[in-house]
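In the block that follows, a single chain appears as structure tokens, in the form predicted alone.
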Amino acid sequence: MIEFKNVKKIIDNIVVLKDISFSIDENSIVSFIGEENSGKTVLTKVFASPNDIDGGSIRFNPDISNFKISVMFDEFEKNLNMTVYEYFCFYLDCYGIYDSKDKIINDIFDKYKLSILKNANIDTLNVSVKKLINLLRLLIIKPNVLVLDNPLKLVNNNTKNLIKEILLENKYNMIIILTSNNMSEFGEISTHIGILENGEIAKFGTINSILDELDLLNRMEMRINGEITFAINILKKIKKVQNVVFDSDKIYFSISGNDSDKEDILRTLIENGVSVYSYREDIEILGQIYKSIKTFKDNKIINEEEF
């Protein structure tokens, strides 16, 4: 658990953060959204140095020993002149992790099929790869809180999707804090949203409550059994679907169209192998579509009794 209470931060005699208050529970992905100079990066720096504030209080879970916070800033270190493997070793040494370094590093690169990068010189990598490497570097020490400042800025689409998958995969191991200029970047993976304006929190709450307040709730609700990211990527390719967001095992999205369009969207998901097991209140539509579809994309026969 994290609790900010009336936190204030002053830089060069300017109050950059004003009475920031919120609380975050475990297993949360929280995105702070705001325009340039709204206070996002300074908030990130407060997580990195929680004792260096000019007012208010910050409290972390007191029951966890060796509590660790990992922070990734928007800028990457320059002129490191070392390989990715050496960089990871250096980071583990900084945290006093000396045993099984090879295994720790190899495991994470094998897991994400990135072993080809181990011997690459960091200085020669592009922005997308550097941000991915930086994220993996933070994860190897298994922090309790992971804070990422603008992690998708200047990142290509393939790397964006991989970063989101990694964050979703680690959601249940830590609290994840993200910043962005755009709500759509992390809406589908966030459990909570904070909107920053001029150093203040204009809104903070669950993804659904924020969408309610922003009048974006004219949308469908769906629960699926399986890979959330796969289903979200399909939805994003459908022209009449907007504002796709994710909360636990549910997906929410706005739709421009009629009941026939809703049925077409659901049919598209099921035909692509997405196992949908509830769809708003339209249970009859769900049943009818399942009965009319005989196979998934991989030719697996659908057993109607399962649904």
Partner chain sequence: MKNILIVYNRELTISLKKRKVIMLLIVFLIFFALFFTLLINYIIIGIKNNIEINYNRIKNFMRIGLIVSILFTSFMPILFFSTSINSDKKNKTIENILNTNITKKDIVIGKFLNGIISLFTLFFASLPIFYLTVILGGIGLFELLKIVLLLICFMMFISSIDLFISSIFYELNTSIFVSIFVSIFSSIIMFILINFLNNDLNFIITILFFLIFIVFFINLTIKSKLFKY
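These numbers come from a predicted model, not from an experiment. Numbering follows the first chain given and starts at 1.
Below, we refer to the form predicted together with the partner chain, which is not included among the displayed structures.
Using a 4.5 angstroms threshold between heavy atoms, Val127 stays clear of the partner chain in the predicted complex.
At a distance threshold of 4.5 angstroms between non-hydrogen atoms, Tyr95 is in contact with the partner chain in the predicted complex.
Contact annotation: Lys171 falls outside 4.5 Å of the partner chain in the predicted complex, judged by heavy atom distances. When contacts are judged by a 4.5 Å heavy atom cut-off, Ile69 counts as touching the partner chain in the predicted complex. Comparing 85 to 93, 192 to 200, 109 to 117, 156 to 164 against the partner chain in the predicted complex, the single stretch with non-hydrogen atoms within 4.5 angstroms of it is 85 to 93. With contact defined as any non-hydrogen atom lying within 4.5 angstroms of the partner chain in the predicted complex, the contacting residues in 27 to 59 are Lys45, Ala48, Ser49, Asp52, given in sequence order.
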